[in-house]
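As structure tokens, one chain now follows by itself in the form predicted on its own.
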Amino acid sequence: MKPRAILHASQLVTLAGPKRPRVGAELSALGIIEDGGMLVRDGVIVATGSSDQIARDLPNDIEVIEAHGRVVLPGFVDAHAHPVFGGTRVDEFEMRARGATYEEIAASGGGIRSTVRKTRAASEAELLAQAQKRVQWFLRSGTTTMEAKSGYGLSLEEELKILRVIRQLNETSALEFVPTFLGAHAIPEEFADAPEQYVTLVIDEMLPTVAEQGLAEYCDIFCERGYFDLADSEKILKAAQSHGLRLRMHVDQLTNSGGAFLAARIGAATADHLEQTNEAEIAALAEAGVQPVLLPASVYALGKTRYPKARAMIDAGLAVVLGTDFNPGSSPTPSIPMVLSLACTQMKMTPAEGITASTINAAYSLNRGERIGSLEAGKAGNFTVFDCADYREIAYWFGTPLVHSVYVEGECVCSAR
């Protein structure tokens, strides 16, 4: 692997700073180096500085990447995504355009259960091929690491199938995937009249097998009215902890069900969505050190208007994270730049806060902050070159593909050239 130097970035956005998630004013401290340069050797960042500093005494075998005044950022880290599933839900997209709500569609047999039927009908090879196509969408959006949830199988074998696909994606693609078991995504149709039996199945069969086969790092749950209540959520999450899995939670997306308090009490790594979360619950999350993962694209895609209280969370000292919630039903976008635009326009986060929330804070939420999420010596050479001169343009020019090229461990894995 050739050593590489990237020179003459208009802004090398390093995110250099404390070795922990960023809070408060730290969210705006991007560590920008004007006319920046960076040296990467054996896939690892060796040095950052001005282009003049980096260009001095470069080895003869170095490959120089000329940024030509473009912005260079750490690769985005998408901390909440559902990339493995069968089919689409374009019919439901049209139904919502005609006035149907997400809840009405789910009650009529659509929603998550619709994707479960299509995912179960697909072979492992078919799911892998579909997901590999989506990998390119994420790379073209500047993402180099992402969480990947199961949750569209809802049986032991089908959930294992999805998690095996995620493992294969890790082995065959440039993207790094962080696997999360989401068997408690919904009650499957065959258990509609006996949901307690499905909870038992998740606890007694799914979790032990997933842990034994080493297929997940995290366990997630959809804690929501009509899905999994507080009591069942706590049972499942405690069982996951007993098997060594870290915890994430879908919380307060459609209604306020008290899930944020549970996330704080049980020590979840993240509480995700939080559209309905109130000030007392925000305070509890801050006290417990739970990272909020905000997903404005799902609010937008569902045609709703109540976004998470990002400013209140930042003011409370929470280490806010942004993610896409990529999935076929409520957020069919792989684009962190689109999420940044929504964060700025709908949640009144600044562009700098959005960049921090989708890089270093997201990396820490996935237990990867010591290795990725910023451009600092000793970290992986994962970075994206944007065809603009100011990082704020990434959110400003919404809907416009500004990614010029993407590098993982110093190797170019995607290029618009």
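The first residue of the sequence shown is number 1, and the count goes up from there. Since the structure is predicted, the reported quantities are computational estimates derived from the model, not experimental observations.
Keep in mind the form predicted in complex with another copy of the chain is missing from the figure; the text below concerns it.
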Close approach of A395 to another copy of the chain in the predicted complex, 4.5 Å, heavy atom: yes
If you check in the predicted complex, is P328 within 4.5 Å of another copy of the chain, heavy atoms only? yes
Another copy of the chain contact at Y300 in the predicted complex, heavy atom, 4.5 Å: yes
Whether P332 contacts another copy of the chain in the predicted complex should be assessed with a 4.5 Å heavy atom distance threshold; does it? yes
Another copy of the chain in the predicted complex has a heavy atom of only one listed residue within 4.5 Å, and of L201, C344, I266, A284 that residue is C344
With another copy of the chain left out of view, which of K309, R164, R96, R113 would have a heavy atom within 4.5 Å of it in the predicted complex? R96
In contact with another copy of the chain in the predicted complex (heavy atoms, 4.5 Å), from 349-357, 48-56, 375-383, 30-38, is stretch 349-357
Within 74-93, the residues having any heavy atom within 4.5 Å of another copy of the chain in the predicted complex are F85, T88, R89, V90, D91, F93
